[in-house]
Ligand SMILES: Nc1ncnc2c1ncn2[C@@H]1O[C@H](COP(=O)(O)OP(=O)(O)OP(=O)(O)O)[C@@H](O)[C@H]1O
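The chain below stands alone and is given in structure tokens; this is the form predicted on its own.
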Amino acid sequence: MKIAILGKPFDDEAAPAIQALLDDLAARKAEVLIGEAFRTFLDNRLRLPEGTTEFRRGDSLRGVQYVLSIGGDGTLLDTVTYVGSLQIPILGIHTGRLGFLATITPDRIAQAIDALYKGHFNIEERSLIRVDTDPDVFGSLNFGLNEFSVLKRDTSSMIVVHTYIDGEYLNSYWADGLVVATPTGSTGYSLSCGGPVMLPQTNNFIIAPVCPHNLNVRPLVVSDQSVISFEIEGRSTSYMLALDSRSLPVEASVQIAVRRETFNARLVKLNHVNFLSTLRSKLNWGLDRRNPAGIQL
């Protein structure tokens, strides 16, 4: 089996579990590829499988069966950009903080690898958001798993985001910014803006203003078959565009349109993990003394 690994630096507490993972892959005679920056981190700390090779952004991962993302949710978001249209299944191993997307804890790594080899897992298809701009801003990495945001920059003044759906005027948002989130991103930035939680299979986007100046303006759920476009104005001549963890300043004249990407991210989920159980464990749903004793959280 050919397995690629991407990751971020982890603390000493996680090191034994990661070493056990590498030893397990070596024992199974897996062909292992490790991202260049992560390999540099590992080289002086852990023992790598014999024959391990490295790769960098832009190298083809064609032929790889699975990609392991070691870190937090931000690491998994970055991993999606490496995989792109190849749609290689991604297994998120959680050594970060929240772990909403990366759900495999270090103590379950051995179980997860065994499940990969035996086929005892499910694949969750997660829709992506695509951003087209003129002039081009994000280059070939113009897609994301969580959300796209338009935000004010270098000023305390609000911006106005004129928003259109399929060319039809929706609203002018007077706010600090505007977020367009996928169902996966509904538990991210959009949630802190008062947006709803959506199940991953929901074919929608959420349009959520950031700190709107109008109390009657609320997040809106729209079909992800829509094309959402924007015009921005304000006292500043430049603004910030953010796509997941990537952000860049742009001039006010930039033209922006977002839509659903033509390919998905494919996340590996073990049989004991699903979205509803993740909601309960990460958002503490069900922690209510009125619930029946012994209820599964």
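So that there is no doubt, residue numbering starts at 1 and follows the sequence shown. Worth saying up front: this structure is predicted, and the values here are computed from it rather than measured.
If you look for the form predicted together with the named molecule, you will not find it shown, but the lines that follow are about it.
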{"query": "Position in contact with the named molecule when the complex is considered in the model of the complex, options P106, P200, G74, P89, heavy atoms within 4.5 Å", "finding": "G74"}
{"query": "Location of the named molecule contact in the model of the complex, chosen stretch of 162-170, 212-220, 116-124, 95-103 [non-hydrogen atom, 4.5 Å]", "finding": "95-103"}
{"query": "Distance check, K8 to the named molecule in the model of the complex, heavy atom within 4.5 Å", "finding": "yes"}
